[in-house]
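Read the single chain below, which is given as structure tokens and is the form predicted on its own.
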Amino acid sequence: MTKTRDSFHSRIGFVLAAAGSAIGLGNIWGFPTQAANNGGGAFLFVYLIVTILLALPALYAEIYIGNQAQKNPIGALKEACQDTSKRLGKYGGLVGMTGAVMMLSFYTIVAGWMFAHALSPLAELMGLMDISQWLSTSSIQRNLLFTPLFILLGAAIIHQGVNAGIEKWSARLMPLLIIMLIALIIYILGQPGAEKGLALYLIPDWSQVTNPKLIVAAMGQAFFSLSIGVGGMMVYGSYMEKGKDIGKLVISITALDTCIAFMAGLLIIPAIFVAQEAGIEVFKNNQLIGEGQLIFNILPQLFNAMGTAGLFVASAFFMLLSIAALTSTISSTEVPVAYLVEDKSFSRRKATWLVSLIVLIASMTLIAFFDSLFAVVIRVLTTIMQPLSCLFYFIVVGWLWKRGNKLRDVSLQKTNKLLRWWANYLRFVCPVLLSVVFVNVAILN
């Protein structure tokens, strides 16, 4: 008897889930601080160009492979590469799955920090000053509590399935995230000094546009914020009915992700200058003091300066970051879960808790060797593994995959000029552009 595969039940459910995967700490934390350190409006301009030229096509390639195969990333890539080498496809899928676990290993730690900081102002409001101080202070003990707590939170959603878990919770969390973000933007823009941040963010310094470091930073930010290259988008694509208009869906996801990143810039960059207006040092040698210090030191100082209202703002801000982190970790967790369920015949419940245990062990290892491993894992994933996986997807779609690939169907392309143009762009232009950027990343690092 054939087992019915779980799936998304609506286009909006898929878009919200995929956008939730894309919209995470990379958008709300990483993007604004990268913009502030790399020419403000110039970074925003280059980010949009890189997103259109490379990130959107890479997202399309990843979702398209999963949607056509209707399988998890390892199974989908094996099928796509069957005319060349199933083993190559399998190894490509395993690299992506390894990247998903790597992402979860550090992402759950950072997400735990956000959750703890969201609870700290609430504890202060209740007069629990010692608990509030403990929640807002970095420590191994706090990591050992909140990292597993966040992993359990994600597992509780994943084990319910695609429709009952991922789709339903994405439909709840994404509107909440957007509402909270808009409310915080309105509040911050009304504070003294916000107009200086808006000027930096919205008026480009065109002399910075050709800066190689800015371009590389924008590329890394675009790939990381869209969650491309670890298989999450591929597995989500496989849960959509085959034959849907993937192009429109990908444009919707990219537009929503980019919109949230832009809005996050409207929140964070003005907030930096509001903090500066309040006498808090935020820049040193024309660079932000540090991304970690910005989120966990400078902005909390600003919130404290706002009095009681600042406690509510602080809790809402860090809860916003917690929600963004949760929606991103769900898709990465689904990659190995789907593999275990479909290829190894695990029950979804058993697969979810096994993957969660593996992520917990990886996270605890990073906590134990934080100074030597944490930054290295992030750098290897975002500057090497994700771009290489995307390059592999372009090669698969453009060169290796023949049977069932409409982008290689000559008869279809004769009657559809747009399809022919798009297929050739993915086949020839994207691999070259990505290779050039990747070489520059290697040189700069």
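Residue positions are given as counts along the sequence shown, with the first one as 1. Here the structure is a predicted model, which is why all the values come from computation and not from measurement.
Another form, the form predicted together with a small molecule, is not on view; read the next lines as being about it.
With the small molecule left out of view, the stretch that reaches within 4.5 Å of it through heavy atoms in the predicted complex is, among 147-155, 227-235, 246-254, 196-204, 227-235. Of the heavy atoms in Asn27, some are within 4.5 Å of the small molecule in the predicted complex. Using a 4.5 angstroms threshold between heavy atoms, Ser332 counts as touching the small molecule in the predicted complex. Proximity of Ala80 to the small molecule in the predicted complex: non-hydrogen atoms within 4.5 Å are absent; the residue sits far from the partner. Contact check for Ser328: a heavy atom falls within 4.5 Å of the small molecule in the predicted complex. Exactly one listed residue, out of Met114, Ile74, Met103, Ile272, brings a non-hydrogen atom to within 4.5 Å of the small molecule in the predicted complex: Met103.
Comment: the small molecule is not present in this chain, but in the predicted complex one of Tyr339, Phe317, Tyr239, Tyr107 has a heavy atom within 4.5 Å of it, namely Tyr107.
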